[in-house]
Ligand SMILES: Cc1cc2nc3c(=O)[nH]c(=O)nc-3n(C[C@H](O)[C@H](O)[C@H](O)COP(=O)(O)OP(=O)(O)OC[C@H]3O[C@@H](n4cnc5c(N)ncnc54)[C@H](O)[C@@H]3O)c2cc1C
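Next up is one chain by itself, shown in structure tokens, the form predicted on its own.
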Amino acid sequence: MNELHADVVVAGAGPTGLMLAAELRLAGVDAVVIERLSERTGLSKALNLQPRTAEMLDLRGLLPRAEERAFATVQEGHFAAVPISYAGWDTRRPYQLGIPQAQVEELLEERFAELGGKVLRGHELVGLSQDAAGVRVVTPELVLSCRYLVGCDGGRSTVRKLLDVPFEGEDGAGYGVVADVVVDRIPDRAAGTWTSMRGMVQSAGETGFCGLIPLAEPLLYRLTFGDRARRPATFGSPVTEAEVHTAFAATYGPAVIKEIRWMSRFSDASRLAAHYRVGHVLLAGDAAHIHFPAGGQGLNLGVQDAANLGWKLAAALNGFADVLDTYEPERRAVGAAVLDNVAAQNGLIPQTRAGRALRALFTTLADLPEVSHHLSGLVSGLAVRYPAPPHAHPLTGARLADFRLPDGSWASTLFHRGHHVLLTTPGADLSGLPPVPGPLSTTDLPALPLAPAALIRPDGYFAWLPVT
């Protein structure tokens, strides 16, 4: 049996695994991706990049590639299918970018390949063992030895199961179906282009829903339907074409579906891994958390896991092991917060008169700028803030909002190499600057609006500012 060696093996070539692999290669880490499927499926699956994910791609110079592949710019987010505004956030990207998951995977694999990486397809992880030196990964055809293994292998993660990490949470009571369909004409209650979340989801009975999102091709739509409170007796069986046609006709007839390109059933299970790290093995993306796709957060949560983990794994391989210890507490707390906001959205299902009154009140409140700002921060990732040491500057752990440099370029361009960035001004006191766990790029500026100096992590969060 062939045996390979690498610094890091990433199991799973979805958006999380490919983002992580590209981050590792950018940092000079020998990373290998193994994927059980022999080729990319090309299925659209997730459809959006939230503002914070777009910012993170921008930090690596990858956002233009996503924009080239995008088919829509959506001005709002949504919370329990109620539109919410991104207004008030200091971001250059106050919108969702409509882009199929397949295109996100394509651009990230393209980037990984440019950095010298390769996805080993058709290799399913079936076993692992670890000791103080690292991990031994087994597939039917290969054995790989590595310093670290990261399971990015989805909600049914083999890595998580082999580690025997509890997947804590609940199965839920509802379900959904997703299908990409071609119709004979634009339905009366549907939009021709996706620029807003308003009207994209319709009620279907007391607790049911049905929605249509126009995709890149004329008359091609993403159909989503289901019930947040009741599952049919056929829940465990594959979706049938008749089921899709019936749900569509009930809400959007008399338009007719001419072709079904893809369809899948999903549950509203909500689960969080008890641990994101066991020794030299880590979990990220759906391997660490699953939830109903309320608010369009799933893909984004995984990509942001990868952005947090990549530079920390590189630092650990270069002797800064304590930095890797921060991955689980930082990202597990974010994952738990997302599961909580999804649960809150589920709580707004109008099952009773009281529930209907509550949802009506919530819909009114969501129009208030302060409420909309808070809710959009939750689903967009813009509100994520990591814990700071005692007595640290108040901005420590917050995201850096992009700004213009004196030469007219954007500060985000300083992060294209994946380094820590130190921004300084004349006479800035750097005596309290902590050791930097990795490469450091320094930029001198005439002035900074918030502090005389700032150290920013590779993922765009303040690591240190002088306290005066």
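Please read all numbers here as calculations on a predicted model, not as lab measurements. When you see a residue number, it is the position in the sequence shown, counting from 1.
Although not depicted, the form predicted together with the ligand is the subject of the following passage.
Of the residues given (134, 154, 187, 211), 154 alone sits with a heavy atom within 4.5 Å of the ligand in the model of the complex. Out of the listed residues 293, 253, 397, 329, 293 is the one that sits within 4.5 Å of the ligand in the model of the complex by at least one heavy atom. Contact with the ligand, judged by heavy atoms within 4.5 Å in the model of the complex, is confined among 66-74, 397-405, 420-428, 41-49 to 41-49.
Heavy atoms of residue 436 never reach within 4.5 Å of the ligand in the model of the complex, leaving it off the interface. Taking the partner from the other structure, the ligand in the model of the complex has no heavy atom within 4.5 Å of any heavy atom of residue 54.
By the criterion of a heavy atom within 4.5 Å, residue 339 is excluded from the residues contacting the ligand in the model of the complex.
Not displayed here, the ligand is approached by residue 124 to within 4.5 Å at the level of heavy atoms in the model of the complex.
Shown without its partner, the chain has no residue in segment 200-215 with a non-hydrogen atom within 4.5 angstroms of the ligand in the model of the complex.
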